[in-house]
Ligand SMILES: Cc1ncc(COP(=O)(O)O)c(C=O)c1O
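The data below hold one chain only, encoded as structure tokens and taken in the form predicted alone.
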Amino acid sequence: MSSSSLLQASISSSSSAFFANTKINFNNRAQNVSLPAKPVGVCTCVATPQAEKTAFKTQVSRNVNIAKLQAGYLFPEIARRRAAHLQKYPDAQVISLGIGDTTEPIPEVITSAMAKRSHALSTLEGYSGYGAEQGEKPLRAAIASTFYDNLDIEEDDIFVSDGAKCDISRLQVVFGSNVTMAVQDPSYPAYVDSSVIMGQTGEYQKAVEKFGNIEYMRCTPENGFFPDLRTVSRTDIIFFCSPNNPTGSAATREQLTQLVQFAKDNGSIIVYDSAYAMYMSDDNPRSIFEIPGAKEVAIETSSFSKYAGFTGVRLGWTVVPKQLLFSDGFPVAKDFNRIVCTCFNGASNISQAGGLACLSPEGLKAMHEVIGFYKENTNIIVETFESLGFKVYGGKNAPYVWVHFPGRSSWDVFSEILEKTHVVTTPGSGFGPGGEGFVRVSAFGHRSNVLEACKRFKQLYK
């Protein structure tokens, strides 16, 4: 091979990676450039790659349980896809009926109480620092009398918090990593994800879209969205939400009586999420403690988020009855109190002032009016999809409408609706394998947006 051939081969070899990634037309450039021939000796070109910059790494290993989680948490993933859609269609009027975030203003009777408490903090007489980790006594008493009147729940059974979602994770810390867990399928993803993080589960099984060592209690239209408990294996903890997120279904008194008896027979603890109880239209229990014997086997968690628009204010509560005992006879409430005192300094005193105002006669009236507004939204959404021939569930007892798209991937339907109508919904499979083939549509939205979204649904599926 001639020396010029060697040079050409060397350049070609050392530069091929660069040339492959360019869009320059080198053939065209060659037509316009001519170089005089020179005598060339043997030339050796040595490619010297740039020293790679490596990030400093500690010697602390990652929590293997967090590594088990699949992709991102459902709602941030939806937000990411919404943002990507807006980049693609910057002028689109995107309507969000996906994440269950309230949209209507907090009633003035509630915000004025928070403002008053806030301004008082700037005075010597009105200032307060750390409060009781369990919550202020007047608010605990008001929660007990408003939601648990005649149910033998006392104010010191109630722990005020910064939201039900936070309390779910605190409860998981109480239970530890050695318990087994059951969830409705589909259900709010925080139950499963917190269980995975605590190390209560096995690996994710992609073929069945489930984590090992979790009992998925399938809830379908065929069983009225209440699991067949005869087929459910015994677990230590049972997470149960009624009215349910995402299906919108509410368990009857008879069904909850079965659930309490099932927990007693198996020595299990029910964590009952009643965050949507005030949306109930049917004559179903608003609290698990309406069921005889529930105080021996159940914890209840709830929130002001969807009642008073407190999704950003952050205020909730958890009820842990004194009668609830671990297998060694130790009260669960004492361990929960220990975790609260260790991991939490109490809910904001301003938020608690708002919570107390919520439970005044004027505050309760205002909350019911806002809830009534969202329930009207659900009626509009239900009527829209039913008019298009879809099977529709929920809406009556919860602010969610559960729409069936048989034989289709939930994420595909989510993408189709977003792409063609610029409306954000929630794919049912994000709530568990039992949600595949469904899409959740939230009723949280301004009326004009709900009407516009329904107009677009009709144009897409007419």
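Here the structure is a predicted model, which means the values were calculated and not measured. The first residue of the shown sequence is 1; numbering continues from there.
Another form exists, predicted together with the ligand; not displayed. Remarks below refer to it.
The contact residue chosen from Q255, S305, S351, Q200 relative to the ligand in the predicted bound form is S305, the criterion being a non-hydrogen atom within 4.5 angstroms. Residue G163 is the only one of P285, G135, G363, G163 with a heavy atom lying within 4.5 Å of the ligand in the predicted bound form. The stretch from 318-326, 305-313, 143-151, 230-238 that comes within 4.5 Å of the ligand in the predicted bound form, counting heavy atoms only, is 305-313. In the predicted bound form, no residue of the candidate spot (Y279, Y374 and N397) has a heavy atom lying within 4.5 Å of the ligand. Remark: Y191 counts among the residues lining the ligand in the predicted bound form, judged by a heavy atom distance of 4.5 Å or less. Contact between E300 and the ligand in the predicted bound form is not found at the 4.5 Å heavy atom cutoff. Taking the partner from the other structure, the ligand in the predicted bound form has a heavy atom within 4.5 Å of a heavy atom of N245. In the predicted bound form, the ligand sits within 4.5 Å of a heavy atom of A275. Scanning 122-152 for heavy atoms within 4.5 Å of the ligand in the predicted bound form gives no residues at all.
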